[in-house]
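So this first bit is one chain, no partners, the form predicted on its own, shown in structure tokens.
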Amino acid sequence: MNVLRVLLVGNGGRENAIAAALARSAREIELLNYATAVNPGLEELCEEIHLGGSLTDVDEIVAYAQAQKVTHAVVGPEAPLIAGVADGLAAVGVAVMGPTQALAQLEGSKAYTRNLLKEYKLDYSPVYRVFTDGGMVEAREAFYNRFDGQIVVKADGLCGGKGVLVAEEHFHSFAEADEFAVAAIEQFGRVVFEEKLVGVEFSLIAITDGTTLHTCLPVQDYKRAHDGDTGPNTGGMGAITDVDGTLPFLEPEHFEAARRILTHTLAAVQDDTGQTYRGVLFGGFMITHSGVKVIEFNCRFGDPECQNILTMLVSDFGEVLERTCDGTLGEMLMLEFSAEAVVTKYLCPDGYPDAPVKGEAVVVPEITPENVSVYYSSVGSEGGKLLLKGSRAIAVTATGPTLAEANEACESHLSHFSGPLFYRSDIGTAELLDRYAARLS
């Protein structure tokens, strides 16, 4: 069996989970990390960490891969994919788990994705309109009024999780919505207005070699910073999956609809670009009274969805990586996952996301139970101490025979951390899930 010399691009909690999954592989893997900061979790799992100037510096990443004789690569975050890192690595013979720049438009451009679905007659979108002229105020106001202000405004580019504004959550008037829209047009050239969907959100992530598409566990993640779905939006405060790969509100027909949408979208984007999609295809969906609709697509693992999925993965992730890259994923009949429930919760610095504490020390428990995994994100090691760097700091993922027991295990371990930290205690609770289920009644 050949040695896989794997370059992992990125240094967050998602990448820590990817590295941990590769470390469990029966394949012989030499793991290298291209990063902009040293992640203590990755430091334990990688043979070398190369600190580069930017995760979007294609030339530097390619040069490092060549110098290290890398055979395979996993690109973790979205920005490098949209910048063309996968294209650059493939051009020098590296097998990449991650789509090309053209395929990554699915995440990089909201307008491209909506127009693609429309062109291929995939009726999974809300009513939408793309605006390219900041002066079309009357047309945008007409769209706003058509839905009594219940719309979503999406900047057509990467905004670090701040590119989507939702009525009643982020704006309360047309003037507020349009101020953001005009700024988005000035920055990206386009903005998308959409009808606001009402229902319950979930994520379904798949891994594909362009021909075979294997779905992972469905996940529900939680964007708002505080209990009760209050506070500002974040990168994701936590995620759940119930036993046997279910969610409390997810019916079999919802799962099948999401899988069908992923399959149809994969075929459409490959036909449109003429390129083969090898990597992760992430669908963000909403269950509505008129069926399952697409909120967005991403072209990489979500964070914290990744922690749930890869913690529960029974299949060999080294084999998954190799087969995704060489086009033989179909030789694996499916991806196998543990049947237990799983809960992830992120410890964040006080004040996150608007005014986070930085530079303060965090004390981590010395012992981690067998059913708990800890993934480091925005923390650094200095003078023997773990220091907060300002974003989501540490993800704690726990499993159990029921969702309640997984949640209890997660809460128990979280209680042993100390420092200026907070987390959402309501994630995984019956009370919160009952509220979501009520939206569909």
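As the structure is a computational prediction, the values presented were derived from the model and not from experiment. Start at 1 with the first residue shown and count on from there.
Although not depicted, the form predicted together with a small molecule is the subject of the following passage.
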Worksheet item: Would the small molecule in the predicted bound form be within 4.5 angstroms of a non-hydrogen atom of every residue among 164, 195 and 286?
Response: yes
Practice prompt. Look at the stretches 290-298, 83-91, 334-342, 133-141 and give the one with heavy atoms within 4.5 Å of the small molecule in the predicted bound form.
Written response: 290-298
Worksheet entry | Candidate from 152, 96, 225, 281 lying within 4.5 Å of the small molecule in the predicted bound form - any heavy atom | 152
Discussion item. Can you pick out, from 360, 201, 316, 229, the residue that has a heavy atom within 4.5 Å of the small molecule in the predicted bound form?
Written reply: 201
Worksheet item: Quick one: does residue 327 come within 4.5 Å of the small molecule in the predicted bound form, counting heavy atoms only?
Response: no
Fill in: residue 356: touches the small molecule in the predicted bound form, heavy atom cutoff 4.5 angstroms
no
Discussion item. Test of understanding: in the predicted bound form, would residue 126 fall inside 4.5 Å of the small molecule by heavy atoms?
Written reply: yes
